[in-house]
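Heads up, the chain below is alone and in the form predicted alone; it's given as structure tokens.
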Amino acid sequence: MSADKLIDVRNLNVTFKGEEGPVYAVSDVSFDLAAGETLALLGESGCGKSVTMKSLMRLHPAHKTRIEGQINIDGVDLLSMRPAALSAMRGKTVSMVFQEPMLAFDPVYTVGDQIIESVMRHEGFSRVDARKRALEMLERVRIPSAAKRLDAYPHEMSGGMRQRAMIALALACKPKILLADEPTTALDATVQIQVLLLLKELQRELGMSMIFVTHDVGVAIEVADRTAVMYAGRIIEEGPVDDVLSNPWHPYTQGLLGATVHPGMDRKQALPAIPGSPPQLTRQITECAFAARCSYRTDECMKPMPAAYQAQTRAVRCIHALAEV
């Protein structure tokens, strides 16, 4: 693992035990994250983005989950870590902002108590000093009347305020890596922009690396250096965000961009939708999972998928794209 690579994932497979058999949620996923870099995981709901993020902290229930491959975080093999070491890593080396803070916060403890507990656990602070850090973080994420909100319960805050409090909790121990799982999905447009700007500002201040999960192309452009597009549990295209979104190679990426509203578009113009639905992941898909929805499909697409084609800073898994590039 390169010294500047904080995350190095190779051939990650995540399989869940379902009532009707295994669910192959993530298949053969590889990516890395450099120090100070932001990677956007882009794709529609159900493509494996959140499953991948939770795997980086081993948050899936062990008795229902099989994880295979390699996950190295800050030079340490995550999959071989014992529970005590894993607990020490969470929140300190890697922290996560969850999609729905109302579900992530414990409703019977105040927001301040939950931040204080994390700081005492990872930093070894006294309760008095941990409370000062908690107040500092609430002020840093610009929560109004931070001292008062420190003693508020999650249900006493608005959605935007809870999201900011979740960011404060995630950053309270100054982690090297932040995993942000669609942290702006439930917010209105104005608050969404504020949260995105706040995350970028805090990232610069703390020198963090970040993985930002989103299905919103506009968000990916705003926050990311690189993007990895996921479909049916696989990364099907990857590269610098400007390159991928200005010149997408994979037909799925092209479809995502085609279904996105752009400034200056005619309001009466219908957005082209990608036909069909994503495949069920109850079997291991070896062929191109997008083939059934793709206008470029040929018989070759139903054969085992080739390895990703690498071209300088970009990668793609599609035989049609290979013919084009």
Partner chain sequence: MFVFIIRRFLYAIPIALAVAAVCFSLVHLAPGDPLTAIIPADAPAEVVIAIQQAYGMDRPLLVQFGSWIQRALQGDLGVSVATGRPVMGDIALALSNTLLLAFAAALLGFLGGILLGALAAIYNGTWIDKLATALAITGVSIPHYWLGLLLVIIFSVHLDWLPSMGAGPGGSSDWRLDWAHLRHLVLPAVTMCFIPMGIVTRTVRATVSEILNSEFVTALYARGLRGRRIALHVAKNAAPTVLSVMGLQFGYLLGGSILVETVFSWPGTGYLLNTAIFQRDIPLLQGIILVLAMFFVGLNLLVDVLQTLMDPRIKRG
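On a predicted model such as this, the values are computed, not experimentally measured, just so you know. Numbering follows the first chain given and starts at 1.
One more form of this protein should be noted, the form predicted in complex with the partner chain, which is absent from this view; the next part is about it.
Taken together, the three residues 105, 114 and 121 all lie with some non-hydrogen atom within 4.5 angstroms of the partner chain in the predicted bound form. Contact between residue 153 and the partner chain in the predicted bound form is found at the 4.5 Å heavy atom cutoff. Within 4.5 Å of any heavy atom of the partner chain in the predicted bound form lies no heavy atom of residue 293. In the predicted bound form, no heavy atom of residue 235 sits within 4.5 Å of the partner chain. Contact annotation for residue 239: none of its heavy atoms lies within 4.5 Å of the partner chain in the predicted bound form. In summary, the region of this chain contacting the partner chain in the predicted bound form, judged by heavy atoms within 4.5 Å and restricted to 131-139, 240-248, 87-95, 195-203, corresponds to 87-95.
None of 144, 207, 159, 83 but one reaches within 4.5 angstroms of the partner chain in the predicted bound form through a heavy atom, and that residue is 83. Residue 59 is the only one of 67, 59, 34, 285 with a heavy atom lying within 4.5 Å of the partner chain in the predicted bound form.
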